[in-house]
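In the block that follows, a single chain appears as structure tokens, in the form predicted on its own.
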Amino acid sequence: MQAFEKYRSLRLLDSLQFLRGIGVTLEVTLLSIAIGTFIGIILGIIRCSKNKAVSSLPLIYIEPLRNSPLVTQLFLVYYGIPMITNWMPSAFTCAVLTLSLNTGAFFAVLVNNSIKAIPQGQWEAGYALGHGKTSVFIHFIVPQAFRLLIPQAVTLYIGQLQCSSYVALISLIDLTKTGETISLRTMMPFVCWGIVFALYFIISFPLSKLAQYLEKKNEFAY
């Protein structure tokens, strides 16, 4: 009976807080994915340049973000921007900015690898059909690279969704922070963190299955 009474302490209000937490998590993740994807496409294409000086420029941005912990990047943005600019951005803004830049760095590598994975013969086939370099890239290379890119991109997006839990460290009330707050108030850590675990799983698992399906589909396509 005591256990039952404890479970009842998770009231409707707590359920609504979890829903709001999910909303914040998804909002941060989707905005970061959209902005980061745009950044990654631009930098990934630049990385494909045959001019070594041009292709190396994005590495100044990509390598530091790919080879440092996301949490340190988050703290650097959250505490660094006010010190440098005297502007105090909200925790939400810092979260979106950090995750966007991080996503862009990883997505740029995926774009570059996907384009370079297309055999040189595809370029030559396009030239043989009378297409110019730009036309070959748009009509021959991009569709094939896109098929290779999609499953990898979905996997990256799942990782970024899970990494978004770090934003709780800067007091943004996302799903993870909500779980922590309710856990401390109700003194039911196992139940609260179990709910947080389940909600992340419910969101991530279908996406992981989609990535596996797309990857297998691409294997048969070739």
Partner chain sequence: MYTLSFDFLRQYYPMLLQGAGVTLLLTVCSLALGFLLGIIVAIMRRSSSKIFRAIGAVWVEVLRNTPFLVQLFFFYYGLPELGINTNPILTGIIALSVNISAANCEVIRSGLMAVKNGYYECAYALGYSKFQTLRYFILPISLRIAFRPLTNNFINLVLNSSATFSITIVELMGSAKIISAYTSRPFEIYIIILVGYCIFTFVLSFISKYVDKRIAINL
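Numbering follows the first chain given and starts at 1. Source: prediction; values computed, not measured.
Note that the form predicted in complex with its partner chain isn't included here; everything after this is about it.
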| field | The unique member of Leu169, Val54, Ile41, Leu31 whose heavy atoms fall within 4.5 Å of its partner chain in the predicted complex | value | Leu169
| Any chance Glu63 has a heavy atom within 4.5 Å of its partner chain in the predicted complex? | yes
| query | Though only this chain appears here, would Ala117 touch its partner chain in the predicted complex if you measure heavy atom gaps against 4.5 Å? | reply | no
| query | Can you check whether Phe18 is within 4.5 Å of its partner chain in the predicted complex, heavy atom basis? | reply | no
| Should Ile158 be classed as touching its partner chain in the predicted complex when contacts are defined as heavy atoms within 4.5 Å? | yes
| field | Joint contact, Pro69, Phe197 and Gln212 to its partner chain in the predicted complex, by non-hydrogen atom at 4.5 Å | value | yes
| note | Near its partner chain in the predicted complex, with a heavy atom at 4.5 Å or closer, the residues from 83-110 are Met83, Ile84
